[in-house]
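In the block that follows, a single chain appears as structure tokens, in the form predicted on its own.
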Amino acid sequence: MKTESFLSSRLWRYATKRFDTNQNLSEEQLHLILESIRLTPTSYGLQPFKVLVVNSINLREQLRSAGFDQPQFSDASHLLAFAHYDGFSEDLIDRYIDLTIEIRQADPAKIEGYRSFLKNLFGAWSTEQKSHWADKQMYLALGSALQAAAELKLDSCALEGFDSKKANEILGLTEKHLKVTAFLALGYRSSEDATQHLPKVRVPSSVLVEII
């Protein structure tokens, strides 16, 4: 594989500021993005987050208001909310272990030790520690979605600039012990988005990478 081919999607993508409101993702494209998120590797495989596909025009307009009037919230074809568990119970661990037994047809007796290990590990953590860890796992999924979109030649923009408290209230997440810390706008760039013509700014490898 040529280097240019391997890096082409990474060089092509940029944080889209203006979306073409007349172009939408297909159901298949959305499915592939969501599957890429689902298949993202996370620590211990626990996936301590949820992804909400915000289809409601009313909700998206409210989120745009909470997002300091950034047009991506309302104008993109699709808007995904990435929300991590703001602390979590042992149910999350049981979900993973039970699913492992089901999918791998594992002997429950041989995996119970791992269930206990995870419960003892996270049982010693505070709610704040769990929330911080879950947020980091969520960002792995966001990165996976960004790259998947680029490979599909879909434009995207990760959004972190918004009133978190308002966004959580709009999406009804507080009572679900979830906290949204990022959104992902997906669609097709508008021809009027001048940002697409700007050179990509990244520090050189000689600065970023150090061999020791």
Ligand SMILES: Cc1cc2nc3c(=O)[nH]c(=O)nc-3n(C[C@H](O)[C@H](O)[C@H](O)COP(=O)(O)O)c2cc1C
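Note that residue numbering follows the sequence shown and begins at 1. In this text the structure is predicted, and so the values were computed from the model without any measurement.
Beyond what is shown, the protein has a form predicted together with the named molecule; the following relates to that form.
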Problem - Contact of Arg189 with the named molecule in the predicted bound form (heavy atom, 4.5 Å) - result: no
Exercise for the section: Decide whether Ala149 counts as a contact residue for the named molecule in the predicted bound form under a heavy atom distance cut-off of 4.5 Å. Expected result: no
Problem - Contact test in the predicted bound form: Thr40 vs the named molecule, heavy atoms, 4.5 Å - result: no
Handout entry: 4.5 Å heavy atom contact, Trp125 to the named molecule in the predicted bound form
Key = no
Exercise for the section: Have a look at Ala66, Ala145, Leu154, Leu159 for me and say which one sits with a heavy atom within 4.5 Å of the named molecule in the predicted bound form. Expected result: Leu159
Exercise for the section: Using heavy atoms and a 4.5 Å cut-off, decide whether Gln62, His84 and Lys166 all contact the named molecule in the predicted bound form. Expected result: no
Completion exercise
Within 4.5 Å of the named molecule in the predicted bound form by heavy atoms, the stretch out of 50-58, 32-40, 170-178, 66-74 is 66-74
Completion exercise
Applying a 4.5 angstroms cut-off on non-hydrogen atoms, the residues of 43-67 near the named molecule in the predicted bound form are none
